[in-house]
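First, one chain by itself: the form predicted alone, in structure tokens.
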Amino acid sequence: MRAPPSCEEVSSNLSWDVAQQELGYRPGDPINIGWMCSDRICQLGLANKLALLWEDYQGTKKQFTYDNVRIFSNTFAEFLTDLGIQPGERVCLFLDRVPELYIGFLGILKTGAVAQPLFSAFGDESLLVRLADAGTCAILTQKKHLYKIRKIRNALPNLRHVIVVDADSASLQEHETPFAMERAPQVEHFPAYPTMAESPSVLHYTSGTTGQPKGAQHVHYSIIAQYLTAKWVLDLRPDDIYWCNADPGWVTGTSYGIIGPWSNGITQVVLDSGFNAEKWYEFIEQYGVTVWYSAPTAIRLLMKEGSEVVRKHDLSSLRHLASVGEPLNPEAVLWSQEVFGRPFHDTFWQTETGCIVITNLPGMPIKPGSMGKPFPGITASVLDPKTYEPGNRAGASGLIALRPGWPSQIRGYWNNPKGFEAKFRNGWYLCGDRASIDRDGYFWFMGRDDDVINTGGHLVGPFEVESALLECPAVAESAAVAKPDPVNMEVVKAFVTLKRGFQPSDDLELDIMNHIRKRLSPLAMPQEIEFVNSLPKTRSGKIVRRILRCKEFNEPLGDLSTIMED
């Protein structure tokens, strides 16, 4: 078994060349993610190792070895090829977190086609926008989602095939085709299409918090970064049982819910069910989960449920915890240390980066609330928003920026070259977020560039306000936004949801104000707290502060279908 890495070991010995060597890839050779995550693992002698342990909300369970994954992905690939789907065409995965989603993803890539995962919770309008933009030729789905596709089918001239994984032909309409992965004739051999490093692989739609959705185009070479970061940031080892909470409709669910673990030959578990603290803890205990990759939203929900439910379960299998999606508040780090005996390690990255770029590595001292440091091979800085030059002093703050060129960086936005060009300034890729860097080189998140509050000429990051609020015993979640002010231009307003057992009142508002007064500067102190039942969030759980801000400034919200759950 590989010994736990030290931070020094990771930082001094890693490079993208290491990943190429370990994956057996030589520049100029074909490279296919589908083959790399299945056939290659079997060739390494791991054919009988469990690749996927799956359970749904009803308690139905299935398991698949790497040889199963290889054969079933071959079966998918041959079926799609027989339908006439060509390399480079977009094939959408519009499925719940069923095994066909994970295995079909590899099958699509084996054909040379481009996998286009979309959240199964999307409504028909959100689906239409993304399928029309991509010119999608086929969609894999379930009976329960067919009604959405049928509503928009006539508006999608490029959509030739609707493939239903859990239906027979008697219940389907014209151009709808049944395909039962586990009942179809198994395909032992399928020659994976010889995609090259720059061949398109995955098309993930993202909109950040504004504008029409953008198709972020990834390539097969991205596996180099996803393999290496999964191995070292998530500390994946051969005997691990790994759980990533993310849906593959979100980039975390593909980079680290399919490609990262399976390229490392790891056994992963999937729970096709919504959030339930009791169920989640039972799931970890039942399967002996050792590495858990979750999100701050989920962690805050677990905190809201309290510590007593944790103590009812044996969670001693947990060895490494990591978080992604939003900045991880210090309170969540301290809470996890208290209840799980180990902290969550924050990781920072985006759909556009394709892999973790700034992180708290295993063995690295954690500063609660910090994003950590750049992963080896990533050059990161904060830039002056006017000159786009890096800050040259400790504590400097500005726009988070990365030097282009890492393997999983997207190669463009589908049908939107100007949008992609706008992400670059002065030789840097702009992430769209603000942060500061301390004397030790740790990055500290401030907020999305358009979320930062300008009060009296001073910039206040919503994250510091929200983190202070979360330390209050009554507060479950919070969001800080700008509110117009005749004197200071903007002041801070906080929206707060409460934990069970607490009710909104003037006295509670005063208690919260007194609590955070010790933590925040006068400029960062909220001038108003509004208690709400819930906060607006994207499907992946990120708080959408723009909605709250627009209401304060009486501005139009615009089209929210690109970011909000239907």
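Here, rigid core means the biggest group of C-alpha atoms that superpose within 1.5 Å across both forms. One rule holds for the numbers: they count along the sequence shown, beginning at 1. Since we're looking at a predicted model, the values are computed, not measured.
The discussion below concerns the form predicted in complex with a small molecule, not included here.
A residue is said to contact a partner when one of its heavy atoms sits within 4.5 Å of a partner heavy atom; Phe348 meets this definition for the small molecule in the predicted bound form. In the predicted bound form, none of the heavy atoms of Asn245 sits within 4.5 Å of a heavy atom of the small molecule.
Residue contact with the small molecule in the predicted bound form: Gly461 places no heavy atom within 4.5 Å of it. Contact between Phe445 and the small molecule in the predicted bound form is found at the 4.5 Å heavy atom cutoff.
Only one of Val481, Cys431, Ala332, Val202 comes within 4.5 Å of the small molecule in the predicted bound form through a heavy atom, and that residue is Cys431.
Think of it this way: in the predicted bound form, the small molecule has a heavy atom of just one of Gly398, Pro213, Pro261, Pro327 within 4.5 Å, and the residue is Pro327. By the 4.5 Å heavy atom rule, the three marked residues Asp96, Thr254 and Gln337 all fail to count as contacting the small molecule in the predicted bound form. Checking 351-359, 149-157, 113-121, 172-180 against the small molecule in the predicted bound form, the stretch whose residues place heavy atoms within 4.5 Å of it is 351-359.
After superposition on the rigid core, displacement of the C-alpha of Asp450 between this form and the one not shown amounts to 2 Å or more.
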